[in-house]
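Before any questions on how it binds or moves, here is one chain, the form predicted on its own, in structure tokens.
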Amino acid sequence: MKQLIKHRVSILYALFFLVWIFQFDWIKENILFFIDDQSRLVQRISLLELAVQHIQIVVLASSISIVIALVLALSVHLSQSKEYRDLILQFSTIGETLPTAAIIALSVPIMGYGNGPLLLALSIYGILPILRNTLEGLSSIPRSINEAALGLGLTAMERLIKIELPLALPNILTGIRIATIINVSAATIGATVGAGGFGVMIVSGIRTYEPLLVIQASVPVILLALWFDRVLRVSAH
């Protein structure tokens, strides 16, 4: 019953998101009643196009983070080296502490304007939560299970694929959830270097002092983050 309720909440967030994207003209008329706006809103790009761009950026950046984090986590786990584990976590922590804006600004001279610098920043930012949760999931498996697997004659790789990864999956999905939610909100800063997504409208609204533009793009970002959070949280249980 609880699972059903959680799925219903996910559907509700998705419906709110779609209504906001496709029916904003109707919503705008009601918002203008509360905002001192003289209908100076100029929308050069549709919300649907911005939504597609934003989702593509988030999914691509998160996918890159997942691949890198899983490769690092599995190499650490298979090596059984505490020094290697500490080194990888240290480098990942450094990447997490670097401001997203700084990574984007420093990469522009090399990668140019557009989605490239943003994807690089988001990918780096998403590695640590996935890496840390994967390592925690793999290290929390009871020793008795591994001993039973050894008794069956399974190799290290067979134990990893058949036993350890399935048991660590909830932890892995938690890390992916955290990284994805971070990327949904952080992706908006990419508009400052010519990247797409809802940040284009938010930055435009700030520059032109149009609160409606900011609201128009901020609400779907919130709904998208809530949807990813709910879907990945349900999948982890």
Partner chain sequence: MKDRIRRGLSLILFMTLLFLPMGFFKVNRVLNGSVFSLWKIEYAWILVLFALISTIRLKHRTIAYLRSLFLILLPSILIYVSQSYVIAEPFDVKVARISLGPSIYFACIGAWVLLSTEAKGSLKIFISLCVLITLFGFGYFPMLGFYKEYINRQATFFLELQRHMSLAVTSLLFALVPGIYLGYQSTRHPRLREWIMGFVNGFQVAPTLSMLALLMIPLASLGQSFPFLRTWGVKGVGFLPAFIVLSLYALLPITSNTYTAFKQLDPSVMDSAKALGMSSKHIFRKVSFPLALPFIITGIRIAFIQNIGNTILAGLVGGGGMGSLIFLGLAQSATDLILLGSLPVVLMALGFEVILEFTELRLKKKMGVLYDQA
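Nothing here was measured: the structure is a model prediction, and the numbers come from that model. Positions refer to the first chain, counted from 1.
FYI, the form predicted in complex with the partner chain isn't displayed, but the following is about it.
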Given that the partner is absent here, state which listed stretch (164-172, 191-199, 60-68, 45-53) has heavy atoms within 4.5 Å of the partner chain in the model of the complex. 191-199
4.5 Å heavy atom contact, residue 147 and the partner chain in the model of the complex: no
Can you tell me whether residue 209 touches the partner chain? I mean in the model of the complex, with a 4.5 angstroms heavy atom cut-off. yes
Using a 4.5 Å heavy atom cut-off, state whether residue 215 contacts the partner chain in the model of the complex. yes
Check whether residue 99 has any heavy atom within 4.5 Å of a heavy atom of the partner chain in the model of the complex, and answer yes or no. yes
So, 76, 154 and 176: all three within 4.5 Å of the partner chain in the model of the complex by heavy atoms, or not? no
Residues within stretch 103-118 having a non-hydrogen atom within 4.5 Å of the partner chain in the model of the complex: 105, 106, 108, 109, 113
